[in-house]
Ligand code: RB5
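Single chain ahead, written as structure tokens, the form predicted on its own.
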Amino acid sequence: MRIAIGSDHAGLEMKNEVTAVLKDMGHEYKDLGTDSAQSVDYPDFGEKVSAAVSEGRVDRGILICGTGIGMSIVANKFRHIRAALCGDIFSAKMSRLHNDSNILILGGRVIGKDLAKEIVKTWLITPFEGGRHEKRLKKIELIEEKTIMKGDSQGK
């Protein structure tokens, strides 16, 4: 699996822990920054990872900021993105089983590194269940298309 990963300064330490998990699991990953503890703006890195997933250059993405909230807002602005902020293993599993999430968001200042590693492992190994959940994802896609078309017709 090809994975893009990114963080701001508040998520840097956790990002380094997570990349070790990706490597151990044998996944190909692209680290899109930051690589410094110096203060940076999370939207810059959220955009890079989300665009890579949205455009199909990678299969999935992982984003980390202080709480995960900012990265969640950024990621879910992109077409075909189903980003899930997960602070526990059950949510990570369900985000894949029922929502086919393609970006995992973590709060670097909210959860510990050991829990983060378990969340990542669970998220990566859990398949999308399909079935009745496909119908729901199609409805989300229709909402996305209507929203994009409405924005286009208003010159946005």
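A quick note: this is a predicted structure, and the numbers were derived from the prediction, not measured. Counting begins at 1, following the sequence as shown.
The protein also exists as the form predicted in complex with D-ribose; that form is not presented, and the subsequent description refers to it.
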{"property": "Contact stretch among 60-68, 47-55, 93-101, 30-38 - heavy atom within 4.5 Å of D-ribose in the predicted bound form", "result": "60-68"}
{"property": "Residue contact check: V21 to D-ribose in the predicted bound form, 4.5 Å heavy atom", "result": "no"}
{"property": "4.5 angstroms heavy atom contact with D-ribose in the predicted bound form for R109", "result": "yes"}
{"property": "Interface residues of 81-99 toward D-ribose, as seen in the predicted bound form [heavy atoms, 4.5 Å]", "result": "none"}
